[in-house]
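Take a look at this one chain, the form predicted on its own, written out in structure tokens.
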């Protein structure tokens, strides 16, 4: 990774342990030569606007008091309120949340919705806690970060290990604290309290839409195309279902329980039912088991990493034999792996474009909350697909113009929009 100058690296980070934030910084460095006069503002992209680290104390069911570390990072809000999910995971770090918030800034700008980038997290293993404990933890976390969130300030959403119920607790806690029901403070809520139809499947649907566009550009028919998916939750599961319904052969699924494979295509509805009943894809009768290394090396037309970040690295990238990678997860491919894949002729449709369907429908939900007027699911899906296709077409044209990868083209488009907002607004005072 290029050496970071003293003025580009916040003092609270160890330069030898940058983690995901280091990957993001390298992506910004790679795009800087294409920003022209806007490059004078590029340091703005390398420093989060605001970082809040909070203690989240809670009384557990057995009467003991436990403390968890919580984060809310607002990376950039030049184009609108902060927007980004909250994840509950035992390995959450500040570096990770910073990077995710920055990628949200890029993502919202890439699809041109009027939000900035933010992200949150609590370092906790939710599997070790009851539903009542998770509710108390959620409510305390929102009470702690309540001073920086709000419908016009920063709008959380679901992420890893959080869901519509989590958002309901968040919305209720914030509303009780401000004294008025405020559905627009979060997105991804249950429909009964202002959630949007189509939100749960939105990210996976967006992945399918941009994958279809990339396949068309590459001359690959969906019918009969081989697809492998890492992750079988809302994102990977929805993408797999849509590919299956359109005639593709989803030959492999890899989740936290293992990887299963069938050369003629897995029965996705049956596999979904098996995963619901058993907790994962492992043990599915009508499939073979493959190792993680074998999964990444499968010969496919489409590979969709839709789990956590850091999955495709310099170690396994040389073995990837997919023609197109469509990133459903955030940050699944390292910069070094990007270079290897590009040299091997593998097209990567980056996360900041491919998985932007979720934030796009979150924007629709926020708009509907503001207007108290709600659209049909058909309207939601139609608007989503139009935005995703337009974004893909614009970024694909930029990639061709500059002869760069889709990731660099996405960063050129998004960073230009963010920095143009900074230049037009200027500095105050």
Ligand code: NAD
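Numbering follows the first chain given and starts at 1. Under this definition, the rigid core comprises the largest set of C-alpha atoms superposing within 1.5 Å between the forms. Bear in mind the structure is a predicted one, so any value in this text is a computation, not a measurement.
FYI, the form predicted together with the named molecule isn't displayed, but the following is about it.
Visitor: Among 141 to 149, 231 to 239, 182 to 190, 214 to 222, which stretch sits within 4.5 Å of the named molecule in the model of the complex, heavy atoms only?
Guide: Heavy-atom contact with the partner occurs in 231 to 239.
Visitor: Is it true that 255, 308 and 329, all three, sit within 4.5 Å of the named molecule in the model of the complex, judged by heavy atoms?
Guide: Yes: each residue has a heavy atom within 4.5 Å of the partner.
Visitor: Is residue 107 close enough to the named molecule in the model of the complex to count, meaning some heavy atom within 4.5 Å?
Guide: Yes - in the model of the complex, heavy atoms of residue 107 and the named molecule come within 4.5 Å of each other.
Visitor: At 4.5 Å between heavy atoms, is residue 199 in contact with the named molecule in the model of the complex?
Guide: Flag for residue 199 set to yes.
Visitor: Tell me, yes or no, whether residue 101 is in contact with the named molecule in the model of the complex, where a contact means a heavy atom of each within 4.5 Å.
Guide: No, no contact at 4.5 Å.
Visitor: Taking heavy atoms and a 4.5 Å limit, what residues of 64 to 85 are near the named molecule in the model of the complex?
Guide: The stretch 64 to 85, when checked against the named molecule in the model of the complex, contributes no residue at the 4.5 Å heavy-atom cut-off.
Visitor: Comparing between the shown form and the other one on the rigid core: C-alpha of residue 185 shifted by 2 Å or more?
Guide: No; that C-alpha moves by less than 2 Å between the shown form and the other one.
Visitor: Is the C-alpha displacement of residue 354 equal to or greater than 2 Å between the shown form and the other one once the rigid core has been superposed?
Guide: No, the C-alpha moves less than 2 Å.
Visitor: Does superposing the core leave residue 253 with a CA shift of 2 Å or more between the shown form and the other one?
Guide: The answer is yes; the displacement is at least 2 Å.
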